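For reference, the chain that follows is the form predicted alone, supplied as structure tokens.
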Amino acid sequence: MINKVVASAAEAVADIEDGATLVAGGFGLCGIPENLIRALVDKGPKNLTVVSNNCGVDDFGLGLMLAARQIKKMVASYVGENKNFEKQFMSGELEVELNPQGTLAERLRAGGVGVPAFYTPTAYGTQLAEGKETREFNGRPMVMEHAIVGDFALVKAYKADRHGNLIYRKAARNFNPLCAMAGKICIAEVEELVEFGELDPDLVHTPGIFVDRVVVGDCFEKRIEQRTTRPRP
């Protein structure tokens, strides 16, 4: 019987070493693998390249790794919520590669399905297209973008079985399925573990074939970035 469950987040990330490339799920602070991130901060690998939609906030999410000076290069589409990010980029400590959000998503998806590159009209004629191959299709100029494949994928799911089949919950799905496919080794932290056969196959978002390790998280803060409420009448 296949059993991909490991005992702890620390065990799950034990072989992530200096210089690794990580692809991390999440959108803002929603659906981030917060237990795996904390375990990586404790382990302390350096000179990491991290691919994610954004880099958390100063004291949470990937921002914890940034504060610990573990990230050498960040590939992202939005970076506006982290003051440490700004300071390290402006000082030359942090290398940054910005991608349009849809392009980043497709680069991850392409890496997961084995497509080495693709063409998109997004960013043509802008600084983001400088130095990249361009072609014209049906009279429309396009930019070639390369797929992204990480050494490790860190994802957050709501529910999993021991085979690694994953179900995400609502908006927390976001970049997680794409990242799960795009990592050579996929590590999933989950809120609930069930036995094989308990998940409805029609509801599985990421099949276990993509997942190498599953760990049940022991603490989920699920912080909200910007809380906006309506005043009582």
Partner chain sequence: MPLTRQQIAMRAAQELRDGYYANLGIGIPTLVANYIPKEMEVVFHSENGILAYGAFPFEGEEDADLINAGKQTVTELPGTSYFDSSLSFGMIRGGHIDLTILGAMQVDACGSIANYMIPGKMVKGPGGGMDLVAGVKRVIVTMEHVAKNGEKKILKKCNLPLTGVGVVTRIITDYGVIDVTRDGLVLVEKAADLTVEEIQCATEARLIISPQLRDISL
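Here the structure is a predicted model, which means the values were calculated and not measured. Numbering follows the first chain given and starts at 1.
What comes next is about the form predicted in complex with its partner chain, which is not displayed.
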Tell me the stretch among 159-167, 120-128, 67-75, 146-154 that has any heavy atom within 4.5 angstroms of its partner chain in the predicted bound form.
120-128
Does its partner chain come within 4.5 Å of any heavy atom of Pro116 in the predicted bound form?
no
Look up in the predicted bound form whether Glu192 has a non-hydrogen atom within 4.5 angstroms of its partner chain, and give yes or no.
no
Check whether Arg173 has any heavy atom within 4.5 Å of a heavy atom of its partner chain in the predicted bound form, and answer yes or no.
yes
Can you check whether Glu93 is within 4.5 Å of its partner chain in the predicted bound form, heavy atom basis?
no
Its partner chain in the predicted bound form - contacting residues of 27-41, heavy atom within 4.5 Å:
Phe27, Gly28, Cys30
